[in-house]
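Have a look below at one chain only, the form predicted on its own, in structure tokens format.
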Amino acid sequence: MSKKRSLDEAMALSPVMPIVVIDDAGAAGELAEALLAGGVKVIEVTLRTPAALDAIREIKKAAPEMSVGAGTVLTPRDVGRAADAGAEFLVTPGINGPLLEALFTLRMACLPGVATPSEVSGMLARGMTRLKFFPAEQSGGAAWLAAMAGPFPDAVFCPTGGISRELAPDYLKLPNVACVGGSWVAPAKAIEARDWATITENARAAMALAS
């Protein structure tokens, strides 16, 4: 069993954090193995399907070296369920008071979703310096993040939303970006088809984006 990683360590595991939607928890272990075969050791399992929490558990069993996050965390109940399933960190599309309280109560590492300077400032005021910029492409893209580096030098981002393999380098070259989120590494259709070879190939392509 590997030690639990810090949020910074998890964000440093791959230039692209795969964001996955899993409908069948039975595929989760093989998915993790396919990503590991391509060098990717981190995954965000979105809580968008009934199978998501069981998928997190299966990944933890099959690939203990994989850092597993739970994404699309919306409510305090989601925080508790994700923690119980073994998620090491959480990712939210947005943030609110009750959700923050639950995160702090359970001491869960989190990438809270922000899309405005006011939201960035609010998270920094609460001691949260690692942030998800979402939806990235629709909210100003790499240019927005470049503009945030001056007023918010302590903020480090994982932008997600519309970031393709081709667009990822524009983000990764920025000093305030640790990694990007991308669904292209392990798309839902490839998972459903058990197309592990394609996912491994995509994982290798993601790792090749490291500067």
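Computed from a prediction, not measured in an experiment: that's the story for all the values here. In case it trips you up, residue 1 is the first one in the sequence shown, and so on.
Below, we turn to the form predicted together with ligand 3PG, even though it does not appear here.
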Problem - ligand 3PG contact in the model of the complex: S183, any heavy atom under 4.5 Å - result: yes
Problem - Exercise: F134 in contact with ligand 3PG in the model of the complex, heavy atom 4.5 Å - result: yes
Problem - Close approach of S67 to ligand 3PG in the model of the complex, 4.5 Å, heavy atom - result: no
Handout entry: ligand 3PG contact in the model of the complex: G162, any heavy atom under 4.5 Å
Key = yes
Exercise for the section: Specify the contacting stretch among 171-179, 139-147, 154-162, 51-59, defined as having any heavy atom within 4.5 Å of ligand 3PG in the model of the complex. Expected result: 154-162
Completion exercise
Partner-free chain; cross-checking ligand 3PG in the model of the complex, the single residue of A203, M11, I19, I22 with a heavy atom within 4.5 Å is I19
